[in-house]
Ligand SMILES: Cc1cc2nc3c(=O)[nH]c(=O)nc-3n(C[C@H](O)[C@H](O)[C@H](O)COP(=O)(O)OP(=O)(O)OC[C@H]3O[C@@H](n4cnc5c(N)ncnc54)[C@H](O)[C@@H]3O)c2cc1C
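Only one chain is included here, represented as structure tokens and corresponding to the form predicted on its own.
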């Protein structure tokens, strides 16, 4: 494809960019579909090409774990969030990118079938689940194909199926609860001392420990998996766990191997981007959104990708700035994670740091909220609400200004005081 001529130059942080006449969106997941929608919503009438790898219309991923045993067809994003890749001019859902060339006058994306040239490139190839290659027969859960195979293994086998989940993070906990409710014998193995320790810290993560027992799930913490073999999981303490199905849910890594040599990748494979999602380390018109992007937020510091909300909202910011829009305070998106696990609703706003102070709001045995404050200050960095919907709405409003909100710790820790009533003047 020949790129249409570029249009007017656009100033961006000291650099002069050309407003693109054509865009290639690499990736047909949530971030890619949201990019196409944002381009059209913001009046872009140039040529848009979409390259996908799964051969499926973009679909919603949260149901893969939350509705694992009930969802028998993908949930199209055009129905779920109104993001329809059919708005693009050229949609290739089974033509994965294999390389990127930035040496020519216009960026060029190589695929198995040829080369796509455009004025600008949006990288949205997402991530892939991590699993040691020697763990024979272990499953992951990241794609619709993964979910279909896992569902069939759990539902179509004999009664008394035994599932071992390696990892008590967001996905591991969600699947464990869904499977246990269906009568599957579930054991969860977590190397850290508590579930969700990497995201929330061990102290807050430990709040979820009783949920496993209440849901009929056996939880083992502080132990590592030494090997996965047919019919069993071997722990490093010598324990053998019988297993008909093994799910590895220990995280994901950006799917960026195809970019090696073209752009400066971080050690984990991500791409550092500025506040407009433009890839750092290159002057080429390339932006990265979704799981690929590690953004520096003026409010929250370094914010990794990997979450649904960021993949949904980030493309709108990236596109607006790519098309010449000026920065706005709303461009600094607040990290947000939601999860339904083991009979509880969790919502995390903000980005807690390991050395933050934690204030508990409510009863950890019931509906509770954790408030993270920057050490020795009243600056609120994150809010985790567990079964407290009012605090979810309040937290969303708190993180809308240019700076972290300032709250009175004592009042904020009182569950009878609305969070907004604890706000202090900045």
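Numbering follows the first chain given and starts at 1. Not measured: the values here are computed from a predicted model.
The form predicted in complex with the named molecule exists for this protein as well; it is not shown, and the discussion that follows is about that form.
**Q** Between the options 316, 255, 221, 208, which residue brings a heavy atom to within 4.5 Å of the named molecule in the predicted complex?
**A** So the residue touching the named molecule in the predicted complex, by this definition, is 255.
**Q** Just one of 196, 249, 246, 311 has a heavy atom within 4.5 angstroms of the named molecule in the predicted complex, so which one?
**A** After the contact test, the surviving option is 311.
**Q** Honest question, do 167, 186 and 188 all end up within 4.5 Å of the named molecule in the predicted complex by heavy atom distance?
**A** Judged in the predicted complex, none of 167, 186 and 188 sits within 4.5 Å of the named molecule.
**Q** Residue-level question: is residue 369 within 4.5 Å of the named molecule in the predicted complex, judged on heavy atoms?
**A** Close contact is absent here: in the predicted complex, residue 369 is far from the named molecule, nothing within 4.5 Å, heavy atoms only.
**Q** Residue 141 near the named molecule in the predicted complex, any heavy atom under 4.5 Å?
**A** Looking in the predicted complex, residue contacts with the named molecule include residue 141, since a heavy atom lies within 4.5 Å.
**Q** For residue 173, is any heavy atom within 4.5 Å of the named molecule in the predicted complex, or not?
**A** So residue 173 does not count as contacting the named molecule.
**Q** Is residue 119 one of the residues lying within 4.5 Å of the named molecule in the predicted complex, judged by heavy atom distances?
**A** Residue 119: no, not in contact with the named molecule in the predicted complex.
**Q** Considering the named molecule in the predicted complex, find the one stretch among 41-49, 61-69, 395-403, 381-389 with heavy atoms no farther than 4.5 Å from it.
**A** Only one stretch qualifies here: 61-69.
**Q** Going through 126-140, which residues have a heavy atom within 4.5 Å of the named molecule in the predicted complex? Please give them in sequence order.
**A** Residues within 4.5 Å: 126, 127.
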